[in-house]
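This document starts with one chain, in the form predicted alone, laid out as structure tokens.
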Amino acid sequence: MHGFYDFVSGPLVWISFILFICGSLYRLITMAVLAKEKDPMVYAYMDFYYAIRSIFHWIIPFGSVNMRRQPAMTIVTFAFHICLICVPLFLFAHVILWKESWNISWWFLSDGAADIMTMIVIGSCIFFLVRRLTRPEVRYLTSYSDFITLAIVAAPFITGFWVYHQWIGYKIMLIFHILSGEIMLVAIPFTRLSHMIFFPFTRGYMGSEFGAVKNARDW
């Protein structure tokens, strides 16, 4: 058990970070090449002003017409993404690990705030699951990979919540927590989670095309 813990908390961490970084670079490069091959004018359309304008509207809650039409989905989605990013980055236990490993640290969340935000992520995952199962238009577009991706996202937060509260078997759950976090990190470039990498580029291109070419808004 100790040997496996040392492996997942040591070499496997490095492997997962390397795969994440290399995988992200690979996806960005291949997508850039593919975009140019399919549409040689894709880069000619890019306009910094319209790209930033579009990104700004789409990262502001209720900044688009579609967001205003689906208020519940908008609230859950924004809460989910904010907590999904903030908890791993600003959790006290994670900041301490960076301090011990690299002697760098930054501001961290209180335990209470981290607990609430973790529950928001877990609750949001349940919301997305129910939505995929009950909304006909969403269920039609759903595949098994979507459920797997949802599980990959939820697992680090469920196991982390379990470990923090030291419920029964929390020592074993700690290994699952580290392992699930590494799986999520590696999965980002190669699953639908890659939208967090591509979002600025795809939204920037759409904003440029609509604004500079069609003289219309894309939100």
Partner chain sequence: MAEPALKTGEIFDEGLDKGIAKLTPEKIEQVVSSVLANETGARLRVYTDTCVHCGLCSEACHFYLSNDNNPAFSPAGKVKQTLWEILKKKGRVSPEFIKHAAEIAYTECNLCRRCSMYCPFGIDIAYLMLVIRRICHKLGVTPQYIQTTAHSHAATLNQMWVKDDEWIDTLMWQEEEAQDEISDLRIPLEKEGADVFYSVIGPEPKFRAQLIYQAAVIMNGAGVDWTMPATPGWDNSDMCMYTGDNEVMGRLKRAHFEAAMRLKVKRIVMGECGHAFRSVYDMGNRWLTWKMPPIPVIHALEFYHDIFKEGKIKIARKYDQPVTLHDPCNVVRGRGLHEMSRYVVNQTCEKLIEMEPNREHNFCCSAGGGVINCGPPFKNKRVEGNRTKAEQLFVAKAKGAKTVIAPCHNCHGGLEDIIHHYGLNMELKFLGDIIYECMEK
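Because the structure is a prediction, the values reported are computed rather than measured. Numbering follows the first chain given and starts at 1.
One more form of this protein, predicted in complex with its partner chain, exists but is not displayed; see below.
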* Is the gap between residue 100 and its partner chain in the predicted complex 4.5 Å or less for some heavy atom pair? -> no
* **Close approach of residue 45 to its partner chain in the predicted complex, 4.5 Å, heavy atom** => yes
* Asked: Do residue 13 and its partner chain share at least one heavy atom pair within 4.5 Å in the predicted complex?
  -> no
* How about residue 58: is it within 4.5 Å of its partner chain in the predicted complex, going by heavy atoms? -> yes
* Non-hydrogen atom within 4.5 angstroms of its partner chain in the predicted complex for each of 9, 129 and 165 -> no
* Just one of 52, 151, 172, 34 has a heavy atom within 4.5 angstroms of its partner chain in the predicted complex, so which one? -> 34
* Quick one: which residues from 203 to 219 get a non-hydrogen atom within 4.5 Å of its partner chain in the predicted complex? -> 203, 205, 206, 209, 210, 213, 214, 215, 216, 217, 218, 219
